[in-house]
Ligand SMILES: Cc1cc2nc3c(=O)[nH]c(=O)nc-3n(C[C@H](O)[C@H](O)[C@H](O)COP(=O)(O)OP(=O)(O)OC[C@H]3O[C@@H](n4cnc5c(N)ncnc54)[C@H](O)[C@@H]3O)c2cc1C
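Next comes just one chain, in structure tokens: the form predicted alone.
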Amino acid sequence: MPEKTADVIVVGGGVMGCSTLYYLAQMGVTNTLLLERDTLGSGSTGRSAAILRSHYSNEVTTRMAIEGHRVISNFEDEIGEPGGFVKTGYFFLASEEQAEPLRRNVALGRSLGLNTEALEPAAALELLPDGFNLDGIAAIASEPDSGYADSSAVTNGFASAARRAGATIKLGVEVTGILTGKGRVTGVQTTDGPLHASAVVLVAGPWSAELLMSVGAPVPLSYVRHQVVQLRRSLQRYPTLPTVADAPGGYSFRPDSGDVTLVTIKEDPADRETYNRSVDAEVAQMALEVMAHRLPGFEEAGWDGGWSGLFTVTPDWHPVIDRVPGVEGLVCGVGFSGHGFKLSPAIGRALAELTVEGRSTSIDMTPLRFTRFAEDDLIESSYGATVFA
């Protein structure tokens, strides 16, 4: 093998890459190099609504979400950097046919230590803003400790802490290939030439597909555009708001600074390179209408722009977190399907463990293994193949 550039190269400078770099340092691996073709958090991370919630339909994702919330909600104590966490409370609204699955998921969360409760509509109305309309809602999951954070602050916080420990980050360097020899990874090919390492962690978001294909390990991925509409509400009517997911309606909303409310709505198939990064006027109108349906005071709200991001989606809307079959030393985290930010501390730790120890010891990631699609062992969701999972 040529002279080593680093012990571990991390490909991708989103929250996953920076989290992995940090947890590698926590495990004593500091001769590390993160490569990012643009700036930190410039891809899906920077276009996330950064909601923190732990209501999921399966144990592994629930465990990851609980751990993610623990770290991000205490980010300055844990990492030494601000993370921008705001506790708003979280409510997941379910229809009649979704009510029993919701109760099962609440029971799962409670069994894992999550502070959550299944509420009937009358009880939920005592906790929701005055006038909240629960038409069509049969059950509500409440998480009083949940809310949202700042995805850029968390990403840069992980990066800063990793740098302090000795890690190196290079921006403006694109990885164009994975270097291998005798069945193992030897480094990466970049726009600056080859760089060598005994291990590589691939967390390049939508751009992971070709790199995995090049080493004979394809993952079935598709791309979905999700829109985040920014509305301005009356602070006199709604001085504060909780974070809410409306599963029957297919959207979520949360407050932001000042009088801003963010509505995440409308997922559509998209081209990775050319998708529209702004918000469609008709979708903004849709956001205004659904918000006014639930909260009548939003009839007077105004649209103030927004943005669109990209989900990299697997067939079961859950990621692959595993060593890449057939290529020793190559580890990947791919296909986060809109869940990534809230899970990033747990995923970064798991990827570091897979790299250093060969297996994930903090949370068993076997259900998210590389081969589950070929084995037809997909992760099931109570709410269909959507971001609610």
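Residues carry their position along the shown sequence, with the first being 1. Treat the numbers as computed from the prediction; the structure is a model and nothing was measured.
The form predicted together with the ligand is left out here; the points below concern that form.
S.K.: Can you pick out, from P206, G109, G83, G306, the residue that has a heavy atom within 4.5 Å of the ligand in the predicted bound form?
M.R.: Partner contact (heavy atom, 4.5 Å) among the options: P206.
S.K.: To verify the annotation, which of these, F132, F311, Y251, W317, has a non-hydrogen atom within 4.5 Å of the ligand in the predicted bound form?
M.R.: When the ligand is considered in the predicted bound form, the option within 4.5 Å is F311.
S.K.: Mind telling me which stretch in 358-366, 333-341, 22-30, 320-328 gets its heavy atoms within 4.5 Å of the ligand in the predicted bound form?
M.R.: Looking at the partner contacts, the answer comes out as 333-341.
S.K.: When the contact criterion is heavy atoms within 4.5 Å, does D38 count as touching the ligand in the predicted bound form?
M.R.: D38 belongs to the contact set for the ligand.
S.K.: Are any of the heavy atoms in R63 no more than 4.5 Å from a heavy atom of the ligand in the predicted bound form?
M.R.: Judged by the heavy-atom cut-off of 4.5 Å, R63 is well away from the ligand in the predicted bound form.
S.K.: Using 4.5 Å between non-hydrogen atoms, is I9 touching the ligand in the predicted bound form?
M.R.: Residue-level check for I9: no, no contact with the ligand.
S.K.: Residue-level question: is R349 within 4.5 Å of the ligand in the predicted bound form, judged on heavy atoms?
M.R.: It does not: once the ligand is placed as it appears in the predicted bound form, R349 has no heavy atom within 4.5 Å of it.
S.K.: Using a 4.5 Å heavy atom cutoff, which residues in 147-183 contact the ligand in the predicted bound form? It's fine if the answer is none.
M.R.: Heavy-atom contacts to the ligand in the predicted bound form: V173, E174, V175.
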